[in-house]
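For reference, the chain that follows is the form predicted alone, supplied as structure tokens.
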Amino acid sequence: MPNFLLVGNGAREHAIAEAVCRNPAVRLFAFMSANNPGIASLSKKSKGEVAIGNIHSPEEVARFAKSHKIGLAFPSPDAVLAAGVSDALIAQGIPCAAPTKEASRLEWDKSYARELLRDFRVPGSPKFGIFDNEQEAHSFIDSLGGQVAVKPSGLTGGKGVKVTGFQLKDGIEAKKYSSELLSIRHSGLASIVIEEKLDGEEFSLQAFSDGKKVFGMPLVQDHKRAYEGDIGPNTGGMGSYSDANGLLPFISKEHRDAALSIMQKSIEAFRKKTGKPYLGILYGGFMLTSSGVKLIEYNCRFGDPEAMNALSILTSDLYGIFEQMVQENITHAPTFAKKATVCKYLVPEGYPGKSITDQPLAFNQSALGKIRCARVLRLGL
């Protein structure tokens, strides 16, 4: 039986574990920073093992993997990839179906991603500038009439981007926020990215990449803003849905094809720049605007919550897909059930700021009935 290692412990990783364990031949080993009972149960049933440790320590993860004769690994969260966990496993001769630190730079360095697409003429980018100088950043904001998105270059858990008209009142607040970011240096990166504000509908496209081709999953729309009516701050995700036809009510097949083409050109650009294949999950956050499909940003792993939508209806063998990815040859496009999905998060009061902890969960009969009817539900605690 193959020994498979999953690194991570969130609801997204639980969805990955469930999908992998549909293959009865797989033994699931999990390296987690905190116990996820669902993952632990799947590991036990498959005769694997779990360990609790520092998932951001390449040495610690690699040591666990080597001691358990892992044949294939999947480091999942963004910060784990940025820490170089995939690289450490590969150095021990353990194949990884997740990007290396260099490849995942498409996510952990937004400046790098925009420059790559610009340099290799990949379509879909908005007007943007990369700045490490406060005055130059302010001048660029003025040149766009104050209608901008201000982004840290580094990782922020989906909570660092602020847009005028939403989290920022106007160009004055955008300048203030850009100055704040430049002083903080997120993830040790000195630059920030400022982009023209895009108007339209956002959607997520996740894809498997074997370095030569990207294979798209059903489209998902994620709702990030907290509180009823989307009036609160950005979060990592409050819920999401997908449609039975793999599209979305506002997206045509032509729009999906345009987004997938941008992703395909991006992995080709990465190979041209580095001489290396992009292996793993590539997930594009896109917006359908009046001037076409625009790329908001890339993630180099499954989305959370989008993974739960897509993987709950995946009918192909996920472990088999991972095997083919590391062999740089996905032979058949993965298949999905023609079903719609809904994922809704329950979060603590105060989220995404300072959450109130150790509070009881109480449901009335009506709520319990709705939960029993849900296809996908996770607790975002």
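Start at 1 and count along the sequence shown; that's the residue number. Owing to the predicted nature of the structure, the values given are computational and were not obtained by experimental measurement.
Keep in mind that the form predicted in complex with a small molecule is not shown, yet the notes after this line are about it.
Contact with the small molecule in the model of the complex, defined as a heavy atom within 4.5 Å, is made by all three of Val163, Leu198 and Glu297. None of 145-153, 115-123, 86-94, 254-262 except one has non-hydrogen atoms within 4.5 angstroms of the small molecule in the model of the complex; the exception is 145-153.
The contact residue chosen from Glu136, Glu102, Glu173, Glu202 relative to the small molecule in the model of the complex is Glu202, the criterion being a non-hydrogen atom within 4.5 angstroms. When the small molecule is considered in the model of the complex, only one residue from Leu248, Met287, Ala207, Leu182 comes within 4.5 Å through any heavy atom, namely Met287.
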